[in-house]
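As structure tokens, one chain now follows by itself in the form predicted alone.
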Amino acid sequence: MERFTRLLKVPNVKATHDPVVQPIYQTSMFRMPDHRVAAATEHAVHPDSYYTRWGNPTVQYLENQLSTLLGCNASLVFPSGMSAITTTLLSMVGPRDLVAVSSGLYGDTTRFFVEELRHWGVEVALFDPSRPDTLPALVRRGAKLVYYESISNPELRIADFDAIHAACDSHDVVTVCDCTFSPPGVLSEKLRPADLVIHSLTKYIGGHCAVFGGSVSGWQSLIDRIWHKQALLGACMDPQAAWQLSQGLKTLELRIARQNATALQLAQRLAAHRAVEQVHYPLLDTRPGARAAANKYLVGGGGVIAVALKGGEPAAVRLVEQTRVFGLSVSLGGVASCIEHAQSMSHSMLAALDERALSGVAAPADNLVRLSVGLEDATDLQQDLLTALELAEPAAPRAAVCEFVESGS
């Protein structure tokens, strides 16, 4: 046998002892032991080693971590949060189906509902998940799916889970909750948010602003259904990304505890500042019923704060340009703190929607700034914000100086 042929046929090296960290199976395909196994695996659901678009041991290790952490039957991971959302929705609804959708969602999620799904004949109706008074009627009309966020982006309103469950549980409707803003350590582990729970792994789960990913977790029968669509669309995660996310997940508890504590301290301080009109933070929400919802559903407030400034959009823009510890960035949930103007950044796509499609959608106010608290020292972050608020305030107009000149004779 020619030496380069022999080189390609060198057997894989397997560890004699178990590795402490899950190895990276950076391979697109796996060698089958015989035709019988190959043919059976071809028809298996989500095999761990056949073709990486269908399954991979490193990827499935991350999925198992998520299922264990979230208390779900099964999980799937995707190359981004949006691919998790879109693949899940395409698996669950079809033409002429009615879906009930939160009026306050991440901008691109809203766009997918009102532009893409409506384009394919899906009827989209809006409801307020923090006060879901209109939801029972939508479910009785035959809604196939109910979609909401556990804590809305960016106003940080908590969903009324009990009311949503009461409206849906006795009907043939699938509930889907995006819990990106409420990872374990924020949302109570006693709570079942929905039939399917979505996370943008790019945010808190990965936690280091270094890798993209998304996930959906829930009942095995629903996850199997989504897997078929995922494999067809090719929305699979690369093993290297899965490995990075798996390592980030191991420190989630420690990071979330620090971010919860710092964010609460900053929110309380900002609420007392003269330049601030309102602070949106789950543990400080004074709307009717909001405090009770926080006590019932949350174990922490999370690391995101939204701040409405008295000076309107100009003050908001000045603030995001003055911080030095908070970086001007569009994402959230990482070790590095960041700040953004929600209307022109994370939710800018809402402005491009047709006004009729946008009717009822809660777009962020132009004076709203969204903060994501990282792992920096709390005192440094507080001082950075206070200094930036001082610099962002418009200078007071100078009093006119009058000179009196004594006229000579």
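Just so it is clear, the structure is predicted and the values come from calculations on it, not from any experiment. Don't overthink the numbering: it's just position in the shown sequence, from 1.
Heads up, the form predicted together with a small molecule isn't pictured, but that's what we're talking about next.
The small molecule in the predicted bound form is approached by F212, whose closest heavy atom lies within 4.5 angstroms of it. By the criterion of a heavy atom within 4.5 Å, M82 is counted among the residues contacting the small molecule in the predicted bound form. Using a 4.5 angstroms limit between non-hydrogen atoms, F161 is distant from the small molecule in the predicted bound form. Proximity of F181 to the small molecule in the predicted bound form falls within the 4.5 Å heavy atom cutoff. Here the chain stands alone, but in the predicted bound form its contact with the small molecule, taken as any heavy atom within 4.5 Å, falls in 73 to 81 among 276 to 284, 73 to 81, 313 to 321, 238 to 246. Among F127, F326, F113, Y106, the residue placing a heavy atom within 4.5 Å of the small molecule in the predicted bound form is Y106. The single contact residue among Q259, N153, T87, S337, judged by any heavy atom lying within 4.5 Å of the small molecule in the predicted bound form, is N153.
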